[in-house]
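Just the one chain here, the form predicted alone, laid out as structure tokens.
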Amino acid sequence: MVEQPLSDVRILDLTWYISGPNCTKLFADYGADVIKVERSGEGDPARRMGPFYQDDPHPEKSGLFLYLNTNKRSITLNLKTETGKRILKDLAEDADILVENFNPHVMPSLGLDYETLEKINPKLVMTSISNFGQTGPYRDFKASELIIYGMGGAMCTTGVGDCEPVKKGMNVIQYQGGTMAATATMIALYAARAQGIGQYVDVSLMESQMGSIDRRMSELLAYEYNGELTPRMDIAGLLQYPYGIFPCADGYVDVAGGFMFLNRIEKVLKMPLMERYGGVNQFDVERREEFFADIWYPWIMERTRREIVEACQEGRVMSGPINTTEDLLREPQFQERGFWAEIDHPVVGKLTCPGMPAISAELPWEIRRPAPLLGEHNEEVYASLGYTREDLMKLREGGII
């Protein structure tokens, strides 16, 4: 087995859903021993979230769970019992990191807050991920992806003109927050090992949007320096054209052209344009519509994405296809760089998923094991604490594991 950079790191993973598991996955895939602590009987709620393999809503067939929990070991433990709390404290003694993303009141109410765990393991790094952070007037508020993006992200400037704001698709904030938490946790681990003391990391999903995603930082600086509020605008209508996403013979294509490059657009279209449009004001709506109706759309609708991109490359105009998921799996760039990884899971068989986030011979990334079955490693992990099979039977009968 390849020696990985985090092979000497042990993590207690008390996370669920997306942001927390994404954080711990980044450690696990680089070699850390991540012990995922799941609720007995139910497990991580992500096990009940789709898409499911072959549309079978089975707790071991959630594509989301299978992706976010590679290389982890799963144990079940009821943290609402005194025995369960004691077992977690025993596990924390040998852990380097503990990550949780419950509501801020949960860990203190269980008697498992950082102040308590630090006494057990003075070098422990504990990371808490929550909607609004562990302090402040919003600390206990519930939230959704839409709410957090609206409150902390660039949603106020995302959209068209005078229409309502819109958000990015899917769970952008959850993944961004998990990545931010992993970065902060790695820094804290270095500090803990260098200084010999523990660290507590408080990650707010809302705050993770403030300076790390989309256009947010430039917008905040524009207001700070100039009192300027960035408006939503119709990019296709205000910038150089042809500029934007356009339909074509087999889907959609993105073209970043414009009449400032009119000589290049001539090469792409293989027709003279300078005489007719060379002096045209970019914001002349009538001439703009004429160009699209008479020249651009007849040309682009007769061609495929590949033909358009190749013509644009030849004319030195930036362009790219709007790829579907199926397209991405066939993309030669990803295949050449070995981006896709194959996972062999005992229930669903072989699956393809996104692989290494960066290429480095000195920092090898590897799928050592698929996402675990619920409680798959109970015997293995609890045996390391001295529990026998008979002990585990009693714990299971008592609703503790």
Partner chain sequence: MAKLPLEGIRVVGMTQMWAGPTAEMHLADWGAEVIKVESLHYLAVGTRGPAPRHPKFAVDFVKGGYAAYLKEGYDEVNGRPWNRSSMFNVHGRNKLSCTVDPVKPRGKEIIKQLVQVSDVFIESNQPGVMENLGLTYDVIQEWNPKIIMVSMSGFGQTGPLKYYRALGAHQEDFLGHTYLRGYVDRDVTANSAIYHGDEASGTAAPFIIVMALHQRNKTGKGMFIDISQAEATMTQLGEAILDYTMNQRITERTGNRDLYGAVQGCYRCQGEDRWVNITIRNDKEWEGFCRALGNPEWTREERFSDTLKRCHNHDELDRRIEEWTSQHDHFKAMYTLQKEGVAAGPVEHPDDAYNDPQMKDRGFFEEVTHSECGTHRYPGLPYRMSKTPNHFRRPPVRLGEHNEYVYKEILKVSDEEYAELEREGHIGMDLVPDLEIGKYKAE
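For clarity, a rigid core is taken as the largest C-alpha set superposing within 1.5 Å between two forms. Please read these numbers as outputs of a predicted model, since none were measured by experiment. Numbering follows the first chain given and starts at 1.
The form predicted together with the partner chain exists for this protein as well; it is not shown, and the discussion that follows is about that form.
Visitor: Should W299 be counted as a contact of the partner chain in the predicted bound form, where contact means heavy atoms within 4.5 Å?
Guide: It does not: once the partner chain is placed as it appears in the predicted bound form, W299 has no heavy atom within 4.5 Å of it.
Visitor: Indicate whether the partner chain has at least one heavy atom within 4.5 Å of a heavy atom of N71 in the predicted bound form.
Guide: Outside the cut-off, so no.
Visitor: I'd like to check something about P51: if you look in the predicted bound form, is any of its heavy atoms closer than or equal to 4.5 Å to a heavy atom of the partner chain?
Guide: Result yes; P51 sits at the interface with the partner chain in the predicted bound form.
Visitor: Taking heavy atoms and a 4.5 Å cut-off, does E336 contact the partner chain in the predicted bound form?
Guide: Yes.
Visitor: Of these, Q313, T81, N103, T304, which has a heavy atom no more than 4.5 Å from the partner chain in the predicted bound form?
Guide: Flagged contact: Q313.
Visitor: Answer with one of L273, A92, A249, C156: the residue that has a non-hydrogen atom within 4.5 Å of the partner chain in the predicted bound form.
Guide: Result of the distance check: C156.
Visitor: Which one of these stretches, 285 to 293, 265 to 273, 83 to 91, 126 to 134, sits within 4.5 Å of the partner chain in the predicted bound form when only heavy atoms are counted?
Guide: Looking at the other structure, the answer is 126 to 134.
Visitor: Determine the residues of 158 to 186 with a heavy atom within 4.5 Å of the partner chain in the predicted bound form and present them in sequence order; the list may be empty.
Guide: Heavy-atom contacts within 4.5 Å come from T158, G159, V160, D162, C163, E164, P165, V166, K167, K168, G169, M170, N171, V172, Y175, Q176, T179, M180, A182, T183, A184, M186.
Visitor: After superposing the rigid core, is the C-alpha displacement of N226 2 Å or more between the shown form and the other one?
Guide: Yes, shifts by 2 Å or more.
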